[in-house]
Ligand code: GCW
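We begin with a single chain expressed as structure tokens, specifically the form predicted alone.
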Amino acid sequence: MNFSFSQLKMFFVFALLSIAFSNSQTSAGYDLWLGNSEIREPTILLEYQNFTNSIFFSGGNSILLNAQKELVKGLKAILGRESDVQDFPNLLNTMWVAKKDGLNQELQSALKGNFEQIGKEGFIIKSVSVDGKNILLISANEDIGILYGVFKFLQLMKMQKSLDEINLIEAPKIDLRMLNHWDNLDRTIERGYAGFSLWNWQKLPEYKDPRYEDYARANASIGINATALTNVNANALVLTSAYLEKVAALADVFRPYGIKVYLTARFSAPMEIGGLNTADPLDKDVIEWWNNKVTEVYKYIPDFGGFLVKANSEGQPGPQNYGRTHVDGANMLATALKPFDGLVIWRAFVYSETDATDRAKQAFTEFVPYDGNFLDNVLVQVKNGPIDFQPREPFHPMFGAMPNTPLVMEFQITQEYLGFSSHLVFLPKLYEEVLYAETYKKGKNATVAKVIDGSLYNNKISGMAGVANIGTDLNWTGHPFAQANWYGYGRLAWNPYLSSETIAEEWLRLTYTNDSAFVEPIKAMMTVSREAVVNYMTPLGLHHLMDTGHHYGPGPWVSDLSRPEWNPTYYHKADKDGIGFDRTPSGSNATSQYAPEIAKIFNAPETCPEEYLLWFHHLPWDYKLKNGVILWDAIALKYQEGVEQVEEMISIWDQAKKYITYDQYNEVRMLMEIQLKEAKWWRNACLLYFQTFSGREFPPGMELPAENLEYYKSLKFPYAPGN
């Protein structure tokens, strides 16, 4: 075929544009932590080349095909050359990737009892010597373990770890590792700050966006094995046949990456799409409707995971509408799912407008009496704290209080109360704080992590859920560093005992560079970032000071909403005498829901950790903290400290500029300017408002507000995202 000069020129232009777009994707963070760059360090490169000269890869189904594809692609990028990957073993193989039954007797013997340690999803990466020859093994009991092992192997290579004497035996400590998408069918996302929903329902099932597979790859690379596609404020339409065929198309994409699909079930669906006049969970027609619906779902999606349910909370329908209990509702659905090995995940985020007691107590009061009454395929999903994803909360008292019910930890990855996708906040530091918390429910060393992974009470199944921060933005999460929260959540769902510092270092080395001159200061910046947000938003145990509805920016003065617990004034209770919420026996007595050892600590201001001081106590403005500073001055100086911490973060980021591309540097730098501006806004608005009660001057060392209180009260944001 002959081409004209103009056609060739046009072809060349399109080729250049394609390359430019590919490079811009990489620069903009589309590849997340999965991008592979060529290694040039001679010693480590030689070691990797020796191991990967000749690879036996035992093939099989779609999961193993994906694992092989990832290995070939990754090795080519990292080593700068093709590796010889074969589907039959021979004497030249320097690396074997195979399940247990694909290894020869000598290699099986070299792994001895390792296979008993890894279960269905774990893997082994081990350097062994057979007949004087060094061989690198990636092995597992099941296909998914091979995929996880390959991803881990490539990550180790990217971080330039030596493989000469590697002996890595890993298995997830938590069974269900789920993302909760709060995505609506119109593609808006409640509390979503990175664009619209990934799921293009209008084009499904025929058109499967390639981005769906990229999403699945990213999740599989960090061990996430489940996704709830739709908002917990559920729409019953997703359970109709028209949508189930669309869900099935997504499940087909996710299945080869070991990911099961879950859906949120609207409790009133039998009425809304089923034509019944009730949704009473004990009504025989309702029971029959759900049994039939579940059967239909499994015809479309044979490996469907189950239902995530928000019921009798914030106006959502539930069993209490009919005088029934959470147990009645959850067990009715669990019975329908049981023949298919499906799960019910029943959320414990409940509070009632007719219940005048402390909102922080209500979930415990409603659920703990029913411990042991749920069927064994029901998990109760509990937020990390007793209010609602605040910058800092004490751990939820339900953890440790329901030994006979598996509890799923619900963390928020999206930053609803932490500056949206404009603020750099490394959330694994928050997750770690909660997971390491001591419950004292079975003596010392009974941490929340041990409740969640099932080891404390020998629960049959364990789970962790993260409210996703993913959208259609090119970099997936809005803020480049918000990718670290998705990554970090996955790593902690796999192993809740990892440190946030370890996770930060992994993510930085995988995403940016292995240069320690970059990694060490930025890791330190990341690990202090969450504390900075607490300081400039809600220091010393203050909470829920965000403006109404959109939760964007400060609104501590809001007091006119229809439900008392929607008002920030409900939580800080500032008056001329002091500030804080008394949750001791002299107040709401919420401390009684914790173990006596913890309640004793929280009940006395002298022993209460100062980071929770105003969560549990209403104290005078002149109350002296441990350092001798009075409460009013301490609050003001904490707000100021938060601002200064952001300024220091900017300084650290500026010094890191030379280690990364200009685009990588500049995007974060511009976002940091927003964060600094809004940190000052938080400081000024909150302190000017609280000053109307304290009547005191701002302490030395605090920058004075540039505007008056009325200015901050006048700010309106009708189109804030995620509302």
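Being a predicted model, the structure only gives us computed values, none of them experimental. Sequential numbering from 1, following the sequence displayed.
The form predicted in complex with this ligand exists for this protein as well; it is not shown, and the discussion that follows is about that form.
Each of 191, 232 and 349 places at least one heavy atom within 4.5 Å of this ligand in the model of the complex. Although the partner is absent here, residue 416 is a contact residue: one of its heavy atoms lies within 4.5 angstroms of this ligand in the model of the complex. In the model of the complex, at least one heavy atom of residue 388 sits within 4.5 Å of a heavy atom of this ligand. Residue contact check for residue 543: none of its heavy atoms lie within 4.5 Å of this ligand in the model of the complex. By the criterion of a heavy atom within 4.5 Å, residue 551 is counted among the residues contacting this ligand in the model of the complex. Of the candidate stretches 295-303, 78-86, 224-232, 503-511, only 224-232 contains residues with a heavy atom within 4.5 Å of this ligand in the model of the complex.
Only one of the listed residues (314, 285, 520, 376) places a non-hydrogen atom within 4.5 angstroms of this ligand in the model of the complex, and that residue is 314. Of the residues given (383, 392, 530, 423), 383 alone sits with a heavy atom within 4.5 Å of this ligand in the model of the complex.
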